[in-house]
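A lone chain, given as structure tokens: the form predicted alone.
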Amino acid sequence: MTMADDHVDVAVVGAGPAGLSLAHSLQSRGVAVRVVAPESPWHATYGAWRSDVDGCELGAPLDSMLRGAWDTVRVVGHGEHLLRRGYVVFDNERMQRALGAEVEMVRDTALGAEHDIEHTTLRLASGSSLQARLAIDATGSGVLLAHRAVAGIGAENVGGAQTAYGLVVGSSPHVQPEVFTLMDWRHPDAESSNAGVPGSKSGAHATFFYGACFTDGSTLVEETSLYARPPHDIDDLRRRLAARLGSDFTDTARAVERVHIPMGRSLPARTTRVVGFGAAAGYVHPVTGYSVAGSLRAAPRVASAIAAALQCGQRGADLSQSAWQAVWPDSLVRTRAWHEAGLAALVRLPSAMIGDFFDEFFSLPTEMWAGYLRIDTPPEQVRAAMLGLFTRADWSLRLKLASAPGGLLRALAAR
């Protein structure tokens, strides 16, 4: 479908992985849904731990839509960790096709939303409109949400982001074909007298290497800043990647990837008639920057809640509130607060201690660190992972973590 209908149950604005996954789950539950978005390919690299997405509603078997899959993940802090937990990277075209196969599309741009007691009307760039009982903002930026709540890890972190500079090349000796390199925190300058020590240059901001060989024979090599405010300069990441690889391969690369993921933002106010989903709703993990797995996992839960509310005859603000409660249940808001406390502590560590932090983090039992990396883990389990890391750490790392604003140590001691 390329033109707007007069009326639907749910209008989803945005056709990225979050928007299409929610629309797909709504459609499978008998909800009349339309997705409003211009035609656009997906350019980002979407990765996830296999067990986090294996049971998601993807429209096709997981293995049929992968660009690559690995049984072993490599993390290097000061030491090397080989994690025996499966990791996958999606083939964007296949996932987009599978999620959108049964979903009706309106190829247009939503400019605004107007509400009456029972409906929301989307004004479209073409001059037409689409009326729905419920409007979902899955644009990533949250442009249709009225405002954001005053929450999160603090106004001082507004403007922070994860940034990365990556190249798709034929092959690289820095990447092992059978192992996915998630993080290598060793300093990129191999000629430095301090090479091998994360963030060892005086005043240097620590960045890490990320690399993977895909089934089509291509290799992604990337230099990433986990979080910085202001965001780490992309050109500096390019220089660091060149230092790590021994040369700048930008001109001969098959593709160049420039990543900018806003982080540290507060959650949107859960009182708006337009309901957020995916990154627009704050599904970006405060510590890792990942959001796709969280959206894929949440889509069935949110779709089921919306379908039930529609069946019960809910309309207007009541319907929006039921949807918001499914997007951010109270327990997961508490989980979010723990993650924000973790980011507040992590960003204040000296660069030379980042390697120590991740050495300890990935030395925790797998179920602990794996749970921490999901946005939908019960809050008590996230707290347990943070306490586990704190008790394992040496005293210098403990003192740095405990001195984070907000009193991480006091928070961990609280019941």
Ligand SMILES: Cc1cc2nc3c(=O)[nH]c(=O)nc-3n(C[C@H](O)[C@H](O)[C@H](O)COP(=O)(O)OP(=O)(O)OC[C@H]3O[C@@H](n4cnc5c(N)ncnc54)[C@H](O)[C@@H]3O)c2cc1C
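Just so you know, these numbers come straight off a predicted model, no measurement behind them. Numbers follow the displayed sequence, beginning with 1.
There is another form of the same protein, the form predicted in complex with this ligand; it is not shown, and what comes next is about it.
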Can you tell me which of 307-315, 68-76, 253-261, 113-121 lies within 4.5 Å of this ligand in the predicted complex, counting heavy atoms only?
253-261
Classify residue 379 as contacting or not contacting this ligand in the predicted complex by the rule of any non-hydrogen atom within 4.5 angstroms, answering yes or no.
no
At 4.5 Å between heavy atoms, is residue 138 in contact with this ligand in the predicted complex?
yes
Please check if residue 389 has a heavy atom lying within 4.5 Å of any heavy atom of this ligand in the predicted complex.
no
Would residue 36 count as touching this ligand in the predicted complex under a 4.5 Å heavy atom rule?
yes
Partner-free chain; cross-checking this ligand in the predicted complex, the single residue of 320, 291, 181, 335 with a heavy atom within 4.5 Å is 291
Of 101, 269, 82, 143, the one that lies within 4.5 Å of this ligand in the predicted complex (heavy atoms)
143
If we check this ligand in the predicted complex, which of the residues in 35-51 reach within 4.5 angstroms of it by a non-hydrogen atom?
36, 37, 38, 40, 44, 45, 46, 47
